[in-house]
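Presented as structure tokens, the chain that follows is alone, the form predicted alone.
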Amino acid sequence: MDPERVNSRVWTVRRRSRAGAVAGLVVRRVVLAVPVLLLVSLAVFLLAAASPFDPIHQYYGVRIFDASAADVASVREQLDLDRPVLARFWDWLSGILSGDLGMSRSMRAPVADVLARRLPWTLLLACCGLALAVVFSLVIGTVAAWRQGGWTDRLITAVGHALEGIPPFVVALLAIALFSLGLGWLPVAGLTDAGSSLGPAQVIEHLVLPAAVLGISQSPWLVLHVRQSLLTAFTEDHVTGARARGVRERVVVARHALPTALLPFVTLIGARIPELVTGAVLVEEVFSWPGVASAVVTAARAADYPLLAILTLLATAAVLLGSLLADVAAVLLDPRVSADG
């Protein structure tokens, strides 16, 4: 039998087996995500019910001081706030299963409309920030490892460790002070300039600074991880062999060491998704970006159960999805990794 044909068949069988293992991993994770999301949503309702914020005060505002006790009781009944929290949770869950996301009291609009208006801007900011963090970390981390022990490596490592302890909102305020108020290069906040119509040029100009802040605030851990992974890869046999054969150092780093360091890097990106979600909320608040951040704060203060539960579920789903994608990428990139879920 032709050896090439045998090798082709073996490769086909292995590829199909790998695809089946990945499919099984995805199915198991999706099944496990269902009870997790249910428990998270129930916890949101219970915590909101125990919150010191009274939804009635948020609903009335300053008019609460002029409202009679009978009017307050009537509004509380209309908003179903007089019912047990578990009964409200069941009504909300039944509506979710039927496609009704409910009505947001704090936004005075259906939850579906709030998400349709705000979620795309949050996704745009988060995706741009993550892409910038990945590219920046790969480049800077590679340079630091390549120049190990030099002043470049020491500077990058020192800055990376310093940025690890700085919250994203502090980085945002410093960026505004420097690039907006000091140099006047970029707008301070918002999605467009006052009186300007919404357009790609305006959006890009206002996106640059918050996306850069989000990306840089997430980069220190990634940069230091890439550096350490590359230093480990430099000691492996295939890299040592490439150097012994006289391969140029640039080729050794890019084609031999860096691919080995990518697997743990991909896994770390999945683990950083919760920090990305938190960072996006803080950056949106500082830059008045019209995403879900202000909706999260408003819903929490008003104990707005439907909106708060949906936003929390979306954040939880993003974390679970990031972890799943990281594991799938690890299985596909490294045949030694087992897709055991």
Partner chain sequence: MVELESDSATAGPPRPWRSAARARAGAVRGAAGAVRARLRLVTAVTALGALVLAALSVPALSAAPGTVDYQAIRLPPSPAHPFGTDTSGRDLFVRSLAGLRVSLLVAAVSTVVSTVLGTAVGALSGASGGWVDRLLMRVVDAVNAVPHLLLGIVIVALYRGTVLAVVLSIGLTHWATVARVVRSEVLGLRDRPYVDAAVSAGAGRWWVLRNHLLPAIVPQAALSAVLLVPHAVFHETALSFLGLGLPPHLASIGNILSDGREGVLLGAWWIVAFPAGLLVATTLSVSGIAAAWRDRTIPTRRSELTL
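Numbering follows the first chain given and starts at 1. In this text the structure is predicted, and so the values were computed from the model without any measurement.
The protein also exists as the form predicted in complex with its partner chain; that form is not presented, and the subsequent description refers to it.
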(request) Given that the partner is absent here, state which listed stretch (137-145, 246-254, 154-162, 201-209) has heavy atoms within 4.5 Å of its partner chain in the predicted bound form. (result) 154-162
(request) Only one of Ala87, Ala116, Ala177, Ala73 comes within 4.5 Å of its partner chain in the predicted bound form by heavy atoms, so just point that one out. (result) Ala177
(message) Please tell me whether any heavy atom belonging to Gly129 falls inside 4.5 Å of a heavy atom of its partner chain, as the geometry stands in the predicted bound form.
(response) no
(request) State yes or no: in the predicted bound form, is some non-hydrogen atom of Thr260 no more than 4.5 angstroms from a non-hydrogen atom of its partner chain? (result) no
(message) Does any part of Leu173 reach within 4.5 Å of its partner chain in the predicted bound form? Heavy atoms only, please.
(response) yes
(message) Test of understanding: in the predicted bound form, would Gln228 fall inside 4.5 Å of its partner chain by heavy atoms?
(response) yes
(message) With the distance limit set at 4.5 angstroms and only heavy atoms considered, check whether Ile96, Val111 and Leu123 all reach its partner chain in the predicted bound form.
(response) no
(request) Heavy atoms within 4.5 Å of its partner chain in the predicted bound form is the criterion; list the residues of 236-265 that meet it. (result) Glu236, Asp237
